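Shown below, as structure tokens, is a lone chain in the form predicted alone; questions about how it binds or moves come after it.
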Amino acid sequence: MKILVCIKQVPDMESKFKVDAGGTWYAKTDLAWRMNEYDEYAVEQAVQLKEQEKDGDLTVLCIGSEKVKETMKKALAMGCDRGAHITDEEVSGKEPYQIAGIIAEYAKDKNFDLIFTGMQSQDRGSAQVGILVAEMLGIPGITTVVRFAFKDGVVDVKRELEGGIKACVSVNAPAVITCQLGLNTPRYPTLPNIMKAKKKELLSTPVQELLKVEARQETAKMYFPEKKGGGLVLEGDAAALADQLIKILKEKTAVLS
């Protein structure tokens, strides 16, 4: 069974972010980097499936500069068999359709039975890449998965919908699965596995060989939300509050003029 899991290197969300000089992304200086949290659940589920299937073979894919190899090594230490590094110094400037196109181009002739991704990335948060990969490959895609099972070529999942509702879905492999928080508990790599990861195959491919689609959207500007003034809390009985509210609306807004 051939499995692919796609991960992304993102800044630690506790970092102090600044908008970069171009005004379209965050500045990358003085940031700590880690594996996207949603992708950790995807890696764990992929590793569990590999361990379940006797012939399981698991590749981890990541797009980015040489720096992302450190994040890939964590996935290798968690149990992935090899790494596919797509070299791209300008990955932050690519929108979700392009990212999905790169992944689909890599995967199209490799006959993966299942492809796992995180539900979304913590920095961009588009939640589009996984489902776009499924569409480009012409296979089923199931999003926001919180429970996963696989048997005899059939995927049975529970996916999270809005309002706390869950949906049970079954599809035949091949398929793409995007993983939501709470799907599992990602393992911590042990020291022996960290050492083994250093010897595992980690091959790089230039992004130019795989990027076959044009961008469909462009980031015009990135900025922090403007700070607004504090709120006003009114206290008292209903009649007095109504009078106070009307007075404030007349004096400070154009609602009642």
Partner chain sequence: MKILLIAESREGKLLGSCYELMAFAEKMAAETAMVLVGSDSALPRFAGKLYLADATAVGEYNPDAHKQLILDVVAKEQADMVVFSHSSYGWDLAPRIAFAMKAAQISEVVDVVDGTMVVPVCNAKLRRDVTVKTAKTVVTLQAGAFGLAEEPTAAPTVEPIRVEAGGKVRFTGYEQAEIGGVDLGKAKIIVSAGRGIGKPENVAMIAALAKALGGEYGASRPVVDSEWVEHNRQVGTTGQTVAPKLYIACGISGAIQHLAGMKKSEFIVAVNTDKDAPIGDVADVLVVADLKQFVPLLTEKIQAL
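Take the two forms, superpose them, and find the largest set of C-alpha atoms that agree within 1.5 Å; that set is the rigid core. Positions refer to the first chain, counted from 1. Only a predicted model underlies this, so the values are computations on that prediction, with no experimental measurement involved.
We do not show the form predicted in complex with its partner chain, though everything after this point is about it.
When you look in the model of the complex, the only residue of D81, E105, D113, D123 with a non-hydrogen atom within 4.5 Å of its partner chain is D123. Stretch-level contact check against its partner chain in the model of the complex with heavy atoms at 4.5 Å: of 170-178, 81-89, 68-76, 105-113, the positive one is 170-178. Contact check for W33: every heavy atom lies farther than 4.5 Å from its partner chain in the model of the complex. Looking at I165, you'd find a heavy atom of it within 4.5 angstroms of its partner chain in the model of the complex. The shortest heavy atom separation between K54 and its partner chain in the model of the complex exceeds 4.5 Å. Taking the partner from the other structure, its partner chain in the model of the complex has no heavy atom within 4.5 Å of any heavy atom of T205. Contacts to its partner chain in the model of the complex (heavy atom within 4.5 Å) from stretch 232-249: L232, V233, L234, E235, A238, A239, L241, A242, D243, L245, I246, I248, L249. The rigid-core alignment places the CA of K247 2 Å or more apart between the shown form and the other one.
Taking the rigid core as fixed, one finds a CA shift for E162 of 2 Å or more between the shown form and the other one.
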